[in-house]
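A single chain, nothing else alongside it, follows as C-alpha coordinates in the form predicted alone.
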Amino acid sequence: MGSCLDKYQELLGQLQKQADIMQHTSLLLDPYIQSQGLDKDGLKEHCRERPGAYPSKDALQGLGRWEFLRTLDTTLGHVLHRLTALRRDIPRAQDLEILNRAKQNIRGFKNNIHCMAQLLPGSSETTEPTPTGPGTSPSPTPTSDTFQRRLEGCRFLHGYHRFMHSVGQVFREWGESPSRSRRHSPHQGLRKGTSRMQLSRKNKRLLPRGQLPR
(Lines give C-alpha, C1' and ligand atoms only; values in the text may rest on other atoms or scores of the structure.)
Protein backbone atom coordinates (compact mmCIF):
# COMPACT_ATOMS: atom_id res chain seq x y z
CA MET A 1 0.00 0.00 0.00
CA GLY A 2 1.18 3.52 -0.69
CA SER A 3 -0.04 7.02 -1.33
CA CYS A 4 -0.73 8.27 -4.84
CA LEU A 5 1.88 10.11 -6.82
CA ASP A 6 0.82 13.76 -6.83
CA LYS A 7 2.89 14.74 -9.87
CA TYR A 8 1.08 14.35 -13.15
CA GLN A 9 4.10 13.59 -15.33
CA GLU A 10 5.48 10.95 -12.95
CA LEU A 11 2.14 9.19 -12.66
CA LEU A 12 1.55 9.34 -16.40
CA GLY A 13 5.00 7.86 -17.00
CA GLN A 14 4.24 5.04 -14.58
CA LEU A 15 0.93 4.28 -16.32
CA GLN A 16 2.72 4.18 -19.66
CA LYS A 17 5.33 1.74 -18.34
CA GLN A 18 2.68 -0.48 -16.76
CA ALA A 19 0.71 -0.59 -20.01
CA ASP A 20 3.92 -1.52 -21.85
CA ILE A 21 4.50 -4.41 -19.46
CA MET A 22 0.92 -5.67 -19.61
CA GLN A 23 0.83 -5.80 -23.41
CA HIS A 24 3.54 -8.47 -23.48
CA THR A 25 2.09 -11.82 -24.52
CA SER A 26 4.70 -13.56 -22.36
CA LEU A 27 2.68 -12.47 -19.33
CA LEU A 28 -0.46 -14.47 -20.13
CA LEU A 29 -1.17 -15.47 -23.71
CA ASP A 30 1.98 -17.47 -24.49
CA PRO A 31 1.88 -19.59 -21.29
CA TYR A 32 -1.85 -20.19 -21.77
CA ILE A 33 -1.42 -21.34 -25.37
CA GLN A 34 1.28 -23.78 -24.30
CA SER A 35 -0.56 -25.12 -21.24
CA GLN A 36 -3.76 -25.69 -23.24
CA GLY A 37 -2.03 -27.42 -26.14
CA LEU A 38 -3.11 -24.71 -28.58
CA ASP A 39 0.39 -24.38 -30.04
CA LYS A 40 -0.05 -27.52 -32.16
CA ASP A 41 -1.56 -28.37 -35.54
CA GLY A 42 -2.18 -24.76 -36.51
CA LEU A 43 -4.55 -24.13 -33.60
CA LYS A 44 -2.68 -20.95 -32.76
CA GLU A 45 -4.01 -19.42 -35.97
CA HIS A 46 -7.52 -19.50 -34.49
CA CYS A 47 -6.44 -17.63 -31.37
CA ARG A 48 -7.51 -14.16 -32.44
CA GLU A 49 -9.44 -11.45 -30.67
CA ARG A 50 -13.16 -11.43 -31.41
CA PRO A 51 -14.20 -8.18 -33.12
CA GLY A 52 -15.86 -5.83 -30.64
CA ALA A 53 -14.75 -7.74 -27.56
CA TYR A 54 -12.58 -4.83 -26.47
CA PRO A 55 -12.66 -1.12 -27.35
CA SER A 56 -10.59 -0.39 -30.43
CA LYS A 57 -7.68 2.04 -30.48
CA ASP A 58 -9.73 4.51 -32.52
CA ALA A 59 -12.58 4.31 -30.02
CA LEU A 60 -10.20 4.96 -27.12
CA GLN A 61 -8.58 7.89 -28.92
CA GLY A 62 -11.99 9.46 -29.43
CA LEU A 63 -12.68 9.63 -25.70
CA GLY A 64 -11.99 12.52 -23.36
CA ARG A 65 -9.69 11.80 -20.44
CA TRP A 66 -12.44 11.13 -17.94
CA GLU A 67 -14.27 8.80 -20.34
CA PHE A 68 -11.02 7.05 -21.23
CA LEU A 69 -10.10 6.36 -17.59
CA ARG A 70 -13.64 5.23 -16.82
CA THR A 71 -13.72 2.87 -19.82
CA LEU A 72 -10.28 1.52 -18.96
CA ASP A 73 -11.23 0.91 -15.34
CA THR A 74 -14.47 -0.85 -16.29
CA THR A 75 -12.86 -3.02 -18.98
CA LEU A 76 -10.07 -4.15 -16.67
CA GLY A 77 -12.70 -5.05 -14.09
CA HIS A 78 -14.20 -7.45 -16.63
CA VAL A 79 -10.73 -8.79 -17.39
CA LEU A 80 -10.15 -9.63 -13.73
CA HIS A 81 -13.45 -11.50 -13.68
CA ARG A 82 -12.49 -13.51 -16.76
CA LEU A 83 -9.06 -14.33 -15.39
CA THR A 84 -10.71 -15.80 -12.32
CA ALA A 85 -12.91 -17.96 -14.56
CA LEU A 86 -9.84 -19.22 -16.45
CA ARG A 87 -8.48 -20.90 -13.33
CA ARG A 88 -10.52 -24.04 -13.97
CA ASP A 89 -8.55 -24.69 -17.17
CA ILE A 90 -5.15 -24.09 -15.56
CA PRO A 91 -4.10 -27.11 -13.48
CA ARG A 92 -0.39 -26.43 -13.07
CA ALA A 93 0.76 -24.41 -10.07
CA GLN A 94 3.34 -22.49 -12.09
CA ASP A 95 0.68 -21.34 -14.55
CA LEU A 96 -1.58 -20.29 -11.71
CA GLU A 97 1.28 -18.21 -10.34
CA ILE A 98 1.57 -16.44 -13.70
CA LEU A 99 -2.18 -15.79 -13.66
CA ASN A 100 -2.13 -14.44 -10.12
CA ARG A 101 0.81 -12.16 -10.92
CA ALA A 102 -1.06 -10.75 -13.91
CA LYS A 103 -4.08 -10.06 -11.71
CA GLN A 104 -1.87 -8.19 -9.24
CA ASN A 105 -0.49 -6.09 -12.08
CA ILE A 106 -4.00 -5.22 -13.22
CA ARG A 107 -5.09 -4.25 -9.71
CA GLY A 108 -2.05 -2.01 -9.32
CA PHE A 109 -2.75 -0.45 -12.71
CA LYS A 110 -6.42 0.13 -11.83
CA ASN A 111 -5.45 1.92 -8.63
CA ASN A 112 -3.05 4.15 -10.53
CA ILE A 113 -5.95 4.96 -12.86
CA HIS A 114 -7.88 6.21 -9.84
CA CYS A 115 -4.85 8.18 -8.73
CA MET A 116 -4.71 9.84 -12.15
CA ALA A 117 -8.42 10.63 -11.94
CA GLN A 118 -7.72 12.66 -8.79
CA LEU A 119 -5.26 14.86 -10.71
CA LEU A 120 -7.65 15.75 -13.52
CA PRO A 121 -9.66 18.99 -13.29
CA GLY A 122 -13.08 18.39 -11.76
CA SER A 123 -11.99 15.40 -9.70
CA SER A 124 -14.16 16.59 -6.80
CA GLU A 125 -17.22 16.08 -8.97
CA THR A 126 -16.73 12.38 -9.60
CA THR A 127 -19.81 10.23 -9.97
CA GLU A 128 -20.62 6.55 -10.18
CA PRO A 129 -19.73 5.11 -13.60
CA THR A 130 -22.54 4.42 -16.03
CA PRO A 131 -22.91 1.04 -17.75
CA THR A 132 -20.59 0.70 -20.71
CA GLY A 133 -21.86 0.21 -24.21
CA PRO A 134 -21.08 -2.48 -26.79
CA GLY A 135 -17.43 -3.23 -27.31
CA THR A 136 -16.31 -2.47 -23.75
CA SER A 137 -17.07 -5.75 -22.02
CA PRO A 138 -15.01 -8.78 -23.13
CA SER A 139 -17.70 -11.30 -22.16
CA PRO A 140 -17.10 -14.95 -22.96
CA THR A 141 -19.24 -16.94 -25.36
CA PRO A 142 -21.13 -19.53 -23.26
CA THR A 143 -20.08 -23.03 -24.16
CA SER A 144 -19.86 -26.39 -22.42
CA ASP A 145 -17.26 -27.81 -24.80
CA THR A 146 -13.85 -27.85 -23.13
CA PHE A 147 -11.87 -27.19 -26.30
CA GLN A 148 -14.11 -24.32 -27.36
CA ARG A 149 -13.90 -22.85 -23.87
CA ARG A 150 -10.11 -22.94 -24.01
CA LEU A 151 -10.13 -21.39 -27.46
CA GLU A 152 -12.36 -18.59 -26.19
CA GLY A 153 -9.91 -18.03 -23.34
CA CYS A 154 -7.07 -17.77 -25.86
CA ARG A 155 -8.99 -15.21 -27.92
CA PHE A 156 -9.82 -13.25 -24.81
CA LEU A 157 -6.14 -13.04 -23.83
CA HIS A 158 -5.12 -12.11 -27.37
CA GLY A 159 -7.55 -9.20 -27.23
CA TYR A 160 -6.40 -8.19 -23.76
CA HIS A 161 -2.78 -7.75 -24.84
CA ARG A 162 -3.85 -5.83 -27.96
CA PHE A 163 -6.06 -3.63 -25.80
CA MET A 164 -3.21 -2.81 -23.43
CA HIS A 165 -1.01 -1.93 -26.40
CA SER A 166 -3.68 0.55 -27.51
CA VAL A 167 -3.98 1.92 -23.98
CA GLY A 168 -0.26 2.62 -23.87
CA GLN A 169 -0.45 4.47 -27.17
CA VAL A 170 -3.31 6.63 -25.93
CA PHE A 171 -1.46 7.54 -22.73
CA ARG A 172 1.49 8.64 -24.87
CA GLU A 173 -0.79 11.14 -26.61
CA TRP A 174 -1.68 12.89 -23.37
CA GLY A 175 -0.13 16.31 -22.95
CA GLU A 176 2.26 17.65 -20.34
CA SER A 177 -0.57 19.08 -18.27
CA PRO A 178 -3.67 17.32 -16.85
CA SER A 179 -5.80 20.18 -18.17
CA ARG A 180 -4.82 19.64 -21.81
CA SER A 181 -7.53 17.49 -23.33
CA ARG A 182 -9.56 17.85 -26.50
CA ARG A 183 -12.71 16.38 -25.02
CA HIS A 184 -12.49 16.75 -21.26
CA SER A 185 -15.73 15.84 -19.46
CA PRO A 186 -15.45 16.75 -15.75
CA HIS A 187 -18.75 15.18 -14.73
CA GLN A 188 -17.86 11.60 -15.63
CA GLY A 189 -15.58 9.91 -13.16
CA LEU A 190 -14.68 6.73 -11.38
CA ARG A 191 -16.05 5.07 -8.29
CA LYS A 192 -15.71 6.97 -5.03
CA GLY A 193 -13.79 5.50 -2.16
CA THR A 194 -11.59 3.24 -4.21
CA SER A 195 -8.32 2.48 -2.50
CA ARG A 196 -5.14 3.79 -4.05
CA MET A 197 -2.30 1.44 -4.68
CA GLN A 198 0.69 1.57 -6.95
CA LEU A 199 2.03 -1.49 -8.70
CA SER A 200 4.46 -3.23 -6.38
CA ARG A 201 8.09 -2.97 -7.34
CA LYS A 202 8.43 -6.65 -7.90
CA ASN A 203 5.79 -6.45 -10.64
CA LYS A 204 7.34 -3.42 -12.33
CA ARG A 205 10.20 -5.31 -13.93
CA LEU A 206 10.02 -5.68 -17.66
CA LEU A 207 9.54 -9.14 -19.09
CA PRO A 208 10.66 -10.39 -22.51
CA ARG A 209 8.48 -8.99 -25.26
CA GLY A 210 6.17 -11.60 -26.75
CA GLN A 211 4.61 -11.79 -30.17
CA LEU A 212 0.93 -11.98 -30.98
CA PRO A 213 -0.17 -15.01 -33.02
CA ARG A 214 -0.06 -14.39 -36.74
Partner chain sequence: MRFEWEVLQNENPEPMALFSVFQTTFLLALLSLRTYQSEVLSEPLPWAPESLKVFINSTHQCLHLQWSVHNLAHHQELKMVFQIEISRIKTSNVIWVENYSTTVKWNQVLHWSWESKLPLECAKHFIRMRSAEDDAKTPEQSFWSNWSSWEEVDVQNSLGHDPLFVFPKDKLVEEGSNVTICYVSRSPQSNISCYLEGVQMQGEQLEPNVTVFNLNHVAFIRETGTNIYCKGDQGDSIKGIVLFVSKVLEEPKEFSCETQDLTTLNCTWDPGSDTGLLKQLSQSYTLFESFSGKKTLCKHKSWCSWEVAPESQEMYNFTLTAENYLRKRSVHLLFNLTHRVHPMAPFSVLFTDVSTTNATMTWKVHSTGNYYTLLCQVKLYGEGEVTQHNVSVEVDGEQLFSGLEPDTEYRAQVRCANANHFWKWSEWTHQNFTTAEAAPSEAPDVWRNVKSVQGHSVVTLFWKPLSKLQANGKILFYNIVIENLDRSSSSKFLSIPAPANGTELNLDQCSYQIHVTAHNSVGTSPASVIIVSGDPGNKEVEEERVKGTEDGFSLSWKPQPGNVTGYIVEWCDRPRGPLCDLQWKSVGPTTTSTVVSSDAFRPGVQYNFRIYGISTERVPYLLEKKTGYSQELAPSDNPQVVMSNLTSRSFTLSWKDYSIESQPSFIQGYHVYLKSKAGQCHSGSEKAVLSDDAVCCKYKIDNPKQKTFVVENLQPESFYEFLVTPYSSVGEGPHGAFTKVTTPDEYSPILIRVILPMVFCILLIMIICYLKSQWMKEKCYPDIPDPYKSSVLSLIKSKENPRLTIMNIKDCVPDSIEVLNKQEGTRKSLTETESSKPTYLYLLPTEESYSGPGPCICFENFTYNQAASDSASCGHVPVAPKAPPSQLALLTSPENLLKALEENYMNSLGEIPAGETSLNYVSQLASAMTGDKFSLPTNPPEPALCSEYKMQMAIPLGLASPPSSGSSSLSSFTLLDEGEHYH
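Residue numbers count along the first chain shown, from 1. Bear in mind that the values here come from a model prediction, so they are computed numbers and not experimental data.
Below: the form predicted together with the partner chain, not depicted.
S.K.: Please name which of the stretches 56-64, 165-173, 22-30, 38-46 has residues with heavy atoms lying within 4.5 Å of the partner chain in the model of the complex.
M.R.: It is 38-46 that comes within 4.5 Å of the partner.
S.K.: Would you check, heavy atoms only and a 4.5 Å threshold, whether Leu151 touches the partner chain in the model of the complex?
M.R.: Because a heavy atom of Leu151 falls inside 4.5 Å of the partner chain in the model of the complex, the answer is yes.
S.K.: Can you tell me if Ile90 lies within 4.5 angstroms of the partner chain in the model of the complex, counting non-hydrogen atoms only?
M.R.: Looking in the model of the complex, residue contacts with the partner chain include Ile90, since a heavy atom lies within 4.5 Å.
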